[in-house]
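Presented as structure tokens, the chain that follows is alone, the form predicted alone.
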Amino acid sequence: MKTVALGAAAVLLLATLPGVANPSLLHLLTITFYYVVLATSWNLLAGMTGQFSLATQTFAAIGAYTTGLTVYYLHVPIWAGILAAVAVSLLCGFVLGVLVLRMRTIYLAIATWAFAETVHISLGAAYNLTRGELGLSVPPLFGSLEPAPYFEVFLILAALATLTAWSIARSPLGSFMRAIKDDELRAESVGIDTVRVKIFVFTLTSGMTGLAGAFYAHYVAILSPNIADFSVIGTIITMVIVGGIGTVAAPLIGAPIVETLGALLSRYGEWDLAIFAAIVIVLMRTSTGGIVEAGRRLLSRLRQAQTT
């Protein structure tokens, strides 16, 4: 309960930022919270369950385009479009999970990559429906693009995603997930229905990501296939690795660092990706647990120094 109380206090403190921060900072933090949800979803699947998916950004795109298309063509209320986005994302996640989650290691990665690229290409090719690279116009959630109210929305989404991951990690389901990650065959031998667990986690994370994508669509107001670009999954993975893959805190630590660095390095074009790759290589060589593990080591050394 102490962890929940600290988290709630942090959320309440951050909620006061719109009163003092400038719009540029609020926009950066809003996008950061969006990535916290995506990174948390990927971390639940890959970091805690060992299922290396390359389609997380695709479900965000599915959620975004579902609400965008339903609102644009069917003229339904925005809330109905968002509900449709979650439903479609959950359905797509469940169907894809049933099809691919019996695969393991590189085969699963290739299958999810193929799905991701198929969706990405389709969004650009189906010009008559999605408007392709010209962009699909989506109405803003709050009638304007002022970042302050969207900051609050994405802060809540990030908090809920983190609370969900924390709750799962402490539950029997979390134990099953870790068992599957450590040794799937052994997990099966002790009676864990590994396929059912993997499908459930895949479906859940698809819905989480689709929900974030739906709200993102109503924030950016113009959707393009770039939302499903393969580079997005690279950013998500970098965030989790920097924070500490497999830990609940990883997205909360990695997303702000990577998003801030990305904003600072954007003037250098694609070089930011090369710099992120270098950071990941260094971390994997020095601290595979990312900043979380490095922090634990530092605290352990400080405690040892105090006792000697």
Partner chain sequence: MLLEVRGVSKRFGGLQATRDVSLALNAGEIRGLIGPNGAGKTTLANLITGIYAPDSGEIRLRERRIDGARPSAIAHRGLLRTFQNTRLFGNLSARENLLVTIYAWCGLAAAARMRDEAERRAAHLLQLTRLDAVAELPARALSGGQRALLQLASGFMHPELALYVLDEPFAGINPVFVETILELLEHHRKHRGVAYLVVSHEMEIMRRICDRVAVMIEGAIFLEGSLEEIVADEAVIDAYLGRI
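Bear in mind the structure is a predicted one, so any value in this text is a computation, not a measurement. Numbering follows the first chain given and starts at 1.
Unshown form predicted together with its partner chain; subsequent notes refer to it.
Taking the partner from elsewhere, Leu173 is found to have a heavy atom lying within 4.5 Å of its partner chain in the model of the complex. At least one heavy atom of Val190 is located within 4.5 Å of its partner chain in the model of the complex.
Put simply, Arg186 is close to its partner chain in the model of the complex: some heavy atom of it is within 4.5 Å.
Contact annotation for Ala179: at least one heavy atom lies within 4.5 Å of its partner chain in the model of the complex. For the residues Val195, Ala126, Ile156, Met103, the 4.5 Å heavy atom test against its partner chain in the model of the complex is passed only by Val195. Annotated contact segment (heavy atom within 4.5 Å of its partner chain in the model of the complex): 165 to 173, selected among 209 to 217, 165 to 173, 145 to 153, 78 to 86.
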